[in-house]
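A lone chain, given as structure tokens: the form predicted on its own.
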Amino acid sequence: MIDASQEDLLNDFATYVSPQKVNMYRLMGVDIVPGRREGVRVWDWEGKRSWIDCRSAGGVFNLGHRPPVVIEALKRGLEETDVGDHLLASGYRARLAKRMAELTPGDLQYTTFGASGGEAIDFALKLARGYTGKKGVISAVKGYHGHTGLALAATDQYSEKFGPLAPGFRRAPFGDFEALASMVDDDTAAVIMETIPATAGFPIPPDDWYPCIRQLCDERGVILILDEVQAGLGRTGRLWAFDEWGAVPDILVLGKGMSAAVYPLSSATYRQHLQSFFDADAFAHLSSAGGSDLACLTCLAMLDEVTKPGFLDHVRAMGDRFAAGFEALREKHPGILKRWNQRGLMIGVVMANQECGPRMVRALAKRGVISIFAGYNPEILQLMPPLIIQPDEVDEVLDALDGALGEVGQRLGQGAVSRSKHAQQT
């Protein structure tokens, strides 16, 4: 541990990393420097307070903080290997890619690894463009795919901050198939979607959304890319979120949880026929840190955990426990809590207005829960606890939500009025 106080480290962060971020941390009530971390909890630098982590860095901490089995895998790896040379064959990369082919449906066979989700999205879009010889890409309004090159061009709003980006990118409203279909033309290389859009607050698409897109892409020779950087690896109670709709992509992109909380890794797993793009140049895409030997070892340990019998049953059970709690909270706080978007432990709590999200983050932090509001829809509180969360910990989060909803409702002056209206209606 660094020998310094939390306040000294926050000041250093403001002076040498970002004063704007520290200002925001203070406003949101999360002006802490994490010190000890274990399971679903993190402690402040000085070990005085702890919080249940319901952000999980977007799924990085699917197995909680410092998962023992993954740490042991990394320790063993450090005794025998290092990151490896990305230009040479790797037994660790080969074994992980084989495992991905075994776990994914259809003819998803080949995997190219990166170090971040944005890098894997860039690769997927490059492959789609290279294979089809077309440049057009359709993504979603309020979709988010990362801050690197092509990923940024496919991302809504953020891309506008950095000037002209790659041409050929258009956006369709998420869930509106007719609008999306009308955009597909002879120059469309790919449709890319977050299976469940994270930064939009986890909206759930219509039941026929992905089956219709799959059929459209097949008919028009378009590559379907599904971004499960946050939604994959068991988050929804299924190993792959797209299994909820039975539509298999041409390219599946993963990140965050692939790192198993200890070593950065991302991946793009794609169908057999797309590999022919590399016939002319096997080294058309390179990544010095992508699929390092140590990262592959830790990821294999993570996959062993999430595929154990009963693991996904537990995720679904904890999701059901949250849903039952939300029903009770909506009855108690009808003026604030409107509804929730949910699959498993991917939960967006939809509230009365855009003031609610930031206020709830602060109110929950006071009650020992780390959360975040949806960047595109601040009225939605995002909850993504580690998949290993236990029933008593779910109840602890629900108790904190109860107190936070009461506080925010009172501050917004809506709590008593809404309860009165609700009583009249019933």
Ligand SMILES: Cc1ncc(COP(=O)(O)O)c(C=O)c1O
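Everything numeric in this text was worked out from a predicted model, so none of it was measured. Residue indices: 1-based, along the sequence shown.
The next section is about a form of this same protein that is not shown, the form predicted together with this ligand.
In summary, the region of this chain contacting this ligand in the model of the complex, judged by heavy atoms within 4.5 Å and restricted to 281 to 289, 81 to 89, 302 to 310, 221 to 229, corresponds to 221 to 229.
Checked against this ligand in the model of the complex, the candidates Gly117, Gly234, Gly348, Pro249 yield a single residue with a heavy atom inside 4.5 Å, and that residue is Gly117.
Distance criterion of 4.5 Å from any heavy atom to this ligand in the model of the complex singles out Gly146 from the list Gly146, Gly201, Gly335, Gly344.
Under a 4.5 angstroms non-hydrogen atom cutoff, this ligand in the model of the complex lacks Asp122 among its neighbouring residues. When contacts are judged by a 4.5 Å heavy atom cut-off, Glu194 counts as touching this ligand in the model of the complex. Of all the residues from 235 to 267, the single one having a non-hydrogen atom no more than 4.5 Å from this ligand in the model of the complex is Lys256.
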